[in-house]
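Take a look at this single chain in structure tokens; it is the form predicted on its own.
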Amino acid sequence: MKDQKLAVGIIGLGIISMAHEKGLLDAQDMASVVAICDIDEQKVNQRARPYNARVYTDYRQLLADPQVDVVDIILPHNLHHPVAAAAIECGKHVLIEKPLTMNSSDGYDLIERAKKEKIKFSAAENTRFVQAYLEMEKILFSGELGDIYSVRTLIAGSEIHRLLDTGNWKGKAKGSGGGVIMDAAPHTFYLLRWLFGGVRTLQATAQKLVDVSEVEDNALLFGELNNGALFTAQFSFTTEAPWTERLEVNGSQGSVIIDHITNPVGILYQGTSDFSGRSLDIPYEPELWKIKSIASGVYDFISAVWNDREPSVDPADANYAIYAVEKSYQSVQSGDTVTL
């Protein structure tokens, strides 16, 4: 056991940062927040107060802090690569909010930098820690569904208020690198790689309903997985309902339907006469499932640094998701099916 806790610096206090903080608090036996950085001086002072943490408004100053061991980067997409690269150069262990970067070449660059410096590096990809998907992994491993024929996913909610705000980075092509495909599809591509071996071919189409936004807010992808199954993935920023993720897996011996805003969350059906199905052991927490999974991912990374093990989210898998995003945009632009 180490004599001293890991010292964590948080860079960026966006919407998702509170879930990251929960994960850090859950890991308080291994780590403590000692520094926080954000360009909003009032916000950073307020958030740093409970931790008695040092305050910075320039990330370079935080990275120069010799007492910081680990940095948690929660910034607009276009800042992921430069800030993470600087953190690695300073010898800090780095957790970065998804998407890993805005393109796979930058992601590969960070992976290689981290290997060279022998530091822990990962993406905060909460998909790996969602209880429903962990249950899905068990079912697939058990073989209950037989051969997998098709997979369908949906990530939907509303970002209309942020897309309408012309000063918000979410609707800016430069800050976000793209719309709903860049923001939501990494989750699905990570899931498809983890549980089904990844995507072989895909075709994508996208739509922009919010006129003042520069990025797409709806998209539909379909194609073939490496295991031979067909897949369909839909993403929406204009769904006026609680945020949800839906997963349907259809096999030769049964099907599973998971949706985080339905109760029960998951049901396994075995045959056309199985109208009641079997409820899966997944808690119904429509307001908390995402926050808890993000916090679990942050906890896992701190544990990996503390125990000198590899994080559960391999950054290569997170970077694969970005590669698939690039291919999706290629298909949107060309109208053709692309091969991964």
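A residue's number is simply how far along the shown sequence it sits, counting from 1. Given the structure is predicted, the values throughout are model-derived calculations rather than measurements.
One more form of this protein should be noted, the form predicted together with a small molecule, which is absent from this view; the next part is about it.
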Next item on the list: May I ask you to check whether E97 falls inside a 4.5 Å heavy atom distance of the small molecule in the predicted complex?
Entry: yes
Check: Given that the partner is absent here, does R278 sit within 4.5 Å of the small molecule in the predicted complex, heavy atoms only?
Finding: no
Note to self: With a cut-off of 4.5 Å between heavy atoms, is A324 one of the residues that contacts the small molecule in the predicted complex?
What the structure shows: no
Margin query: Within 4.5 Å, heavy atoms only: does K292 come near the small molecule in the predicted complex?
Written below: no
Checklist line | Answer range among 216-224, 200-208, 180-188, 109-117 for contact with the small molecule, defined in the predicted complex as heavy atoms within 4.5 Å | finding: 180-188
Notebook entry, point to check: Among M30, I39, A304, L288, which has at least one heavy atom within 4.5 Å of the small molecule in the predicted complex?
Noted result: I39
Margin query: By the heavy atom within 4.5 Å rule, which residue out of R193, H93, H77, H260 makes contact with the small molecule in the predicted complex?
Written below: H77
